[in-house]
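A single chain, nothing else alongside it, follows as structure tokens in the form predicted alone.
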């Protein structure tokens, strides 16, 4: 299997079509992509503080990419299936960063309160667990915090999620998930980074258990199939992701995209889907800390029509 790494450790901090591709992959190819943690490996002990090791302008959430996918054209959908996520170090790191997080004043939510004190905590990875302290070992639950395609015209900070995907911080993007992303440029121009050993709903502190990882993914295309927002499919759920501020608008985007999926691929009438989601739909908060917030709308496949549930809607066109 081919391994893709960022040349010369020159990770990028924007999702943009202006970056030169670091690799070209074929449709239906499986590759192993090397990613570095959200702090670019700069925090390696409890004495390493973000303000000292990651000076401004903010350098967080480095990305490997872009990766050019052969055959991808605007109007297609790129389907990225996450086959495996393997930590490459014996620890993950979490932190409290002044003026960043869900329960402190930030540049977007200005307050007169003093910033929280800086804290860096290393979390040893051992025997499939994440050691929080002497009495608590948390199960590993790895996922990819940031993955997306280059938007049209814009250069977007890798900290910001939106219609291109990006820093959604959805725990649903773990092993076995297929992530559907809109294609806005020739070759799709795929970016990936920000692997997490685990994260609570909302990433409330602004930082998960950040880790460097090897992420094995396979690429496929749905030709001439256009989506407006990212989708996620697992063996049990169909999901759509909306990212915006305020939070309720992110939720509305996610629900609307999920209804559109049910209508287009699963034979629903829009209002029928709306009513069904009102009874059995589920929703998870991806992040409440980034420049845009992310919400994930979910429908269990058990509620699909029997012929649809028995099929595999994630199978791309060849």
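All figures in this text were calculated on a predicted structure; none of them were measured in a lab. Positions refer to the first chain, counted from 1.
The following text describes the form predicted together with a further copy of the same chain, which does not appear among the structures shown.
- Although the partner is absent here, residue 107 is a contact residue: one of its heavy atoms lies within 4.5 angstroms of a further copy of the same chain in the model of the complex.
- Taking non-hydrogen atoms only, residue 136 approaches a further copy of the same chain to within 4.5 angstroms in the model of the complex.
- Although the partner is absent here, residue 222 lies well away from a further copy of the same chain in the model of the complex, with no heavy atom inside 4.5 Å.
- Although the partner is absent here, residue 49 sits far enough away that none of its heavy atoms falls within 4.5 Å of a further copy of the same chain in the model of the complex.
- Interface residue among 102, 75, 124, 174 relative to a further copy of the same chain in the model of the complex, by the heavy atom within 4.5 Å criterion: 102.
- Annotated contact segment (heavy atom within 4.5 Å of a further copy of the same chain in the model of the complex): 90-98, selected among 187-195, 90-98, 213-221, 67-75.
- Within 4.5 Å of a further copy of the same chain in the model of the complex, a heavy atom is found for not a single one of 7, 45 and 181.
- Residues 244, 245, 246, 247, 248, 249, 251, 252, 253, 255, 256, 259 are the members of 244-261 with a non-hydrogen atom no more than 4.5 angstroms from a further copy of the same chain in the model of the complex.
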